[in-house]
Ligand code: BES
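We begin with a single chain expressed as structure tokens, specifically the form predicted alone.
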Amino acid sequence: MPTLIRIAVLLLLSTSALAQRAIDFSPLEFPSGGNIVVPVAEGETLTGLAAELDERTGGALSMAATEAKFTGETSQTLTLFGIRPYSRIDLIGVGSETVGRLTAETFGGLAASLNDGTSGTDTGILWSGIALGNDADAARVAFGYRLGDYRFDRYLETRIDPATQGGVTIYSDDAGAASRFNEDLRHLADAVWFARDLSSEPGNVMYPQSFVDRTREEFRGLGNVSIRVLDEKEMKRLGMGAHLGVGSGSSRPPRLMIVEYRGGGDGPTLALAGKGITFDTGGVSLKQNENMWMMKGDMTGAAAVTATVLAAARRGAGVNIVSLAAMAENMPSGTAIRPGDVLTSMSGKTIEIRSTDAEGRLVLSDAVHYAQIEYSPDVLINLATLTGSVIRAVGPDYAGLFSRHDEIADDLLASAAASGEKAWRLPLSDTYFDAIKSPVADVINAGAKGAGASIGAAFIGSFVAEDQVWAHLDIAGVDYTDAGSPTTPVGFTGYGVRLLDDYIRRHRE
């Protein structure tokens, strides 16, 4: 790539999709004007700050709530305009129970969706006067707000200028919220944004080498971090025939990017491997055109594991983590692999290709093997948009979780529930390993009849030592949302960053 073009690409990639609005914190008080957001506990009458604001506004809130049948149910909202001294008042229900972490984050996300800043008016968010659990502090509200404030508008002719957006201040009696957000949760939110940005970029912009370039820029200046990239020559030397096979049809060569963060001293290493197909045509086994555009996001597993390390490094987590982004562009051409071909993986295991559209498991087969021999991790977790079958099994709200080890499965399920990134454990028995046996090679990569998600997991698992603690998350149903939610706007979700971060905090630090 010519130097000037490369510099231009780097400048584009180093710019966030949307510069983030600063979130400020202030002692609890009613702001003097602007927009105001107030939590409301479920009940027949307004209580807490809502009751106090109702009194200040001459009963306007209670009258409007009665007319609108607003009772404060969780995530119920009511907006009132022009009640002096405020431009608008947003009431958001938080339910009748003690407010927990996810409800606090949802409240923040709803506040962002209701106040996107396009009006240019300052927004004050009040967080008090309700029953709060220990993990439902104002920092969690800010975290939810930041997640809900995401948008990807880089390629729109008319973009929102952050300089014209109104300010955001959270008013609470929580003196430590600012430091907990700015020194910790803000980094996690930024990492989720990073994963979403990577996934949202078009395939002509985001390909294996540009993914590497973008990552290097994002990690620049962080301590205890090293980034190593295996190009096609190094992969060939190491015998990574599966990974090389997937990328053989593209003019943009494959890459295996390894990001190491060493914040845990002599402690064990957690290895995270992610599928990074920067665009997936299906190869010679060409996909149908409908929704093929979404295959620019077939690298969300790689984006999530890379972003997870970014969050840990920025907050200085006391843990050793290595992420492996197994990247390739799956294209049809005269040099592409064909159904019926046999590839030899780095492990020496041979693979009969039944479908070139079952490519994610191929790049991961070499990545997980490399992770084991190079880093000897005590735990290995991989993420991949692997199968459509997982969507048929658990729908669009859950990732499929597979493991031979109950303890890691239980730990990840607990973190899925705590983070709001849902997962459901699916079976992984000898039946699925038997199903991928090939008459001409060690395994087949596709075509086995039965539960496709479990069979895909078994394929990856066949490259993982049985005594290696390992889990596979199939995120094909949760990497993109058409419906959106308060903390996950419509588009690519960055799924997995919050789940893995929660697991790291609970079990690795």
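Here the structure is a predicted model, which is why all the values come from computation and not from measurement. Numbers for residues come from their place in the sequence shown, where the first is 1.
Although it is not shown, the form predicted together with the ligand is what the next lines describe.
Contact annotation for Val168: none of its heavy atoms lies within 4.5 Å of the ligand in the predicted bound form.
In the predicted bound form, Asp137 stays away from the ligand, with no heavy atom inside 4.5 Å.
Contact between Asp298 and the ligand in the predicted bound form is found at the 4.5 Å heavy atom cutoff.
When contacts are judged by a 4.5 Å heavy atom cut-off, Thr387 counts as touching the ligand in the predicted bound form. Contact with the ligand in the predicted bound form, judged as any non-hydrogen atom within 4.5 angstroms, is confined among 368-376, 96-104, 354-362, 403-411 to 354-362. The candidate spot formed by Lys275, Asp280 and Ile391 is fully in contact with the ligand in the predicted bound form: every one of the three has a heavy atom within 4.5 Å. For the residues Val464, Ala446, Leu46, Ile36, the 4.5 Å heavy atom test against the ligand in the predicted bound form is passed only by Ala446. The contact residue chosen from Ile460, Ala476, Ala451, Leu53 relative to the ligand in the predicted bound form is Ala476, the criterion being a non-hydrogen atom within 4.5 angstroms. Applying a 4.5 Å heavy atom cutoff to the ligand in the predicted bound form picks out no residue from 138-156.
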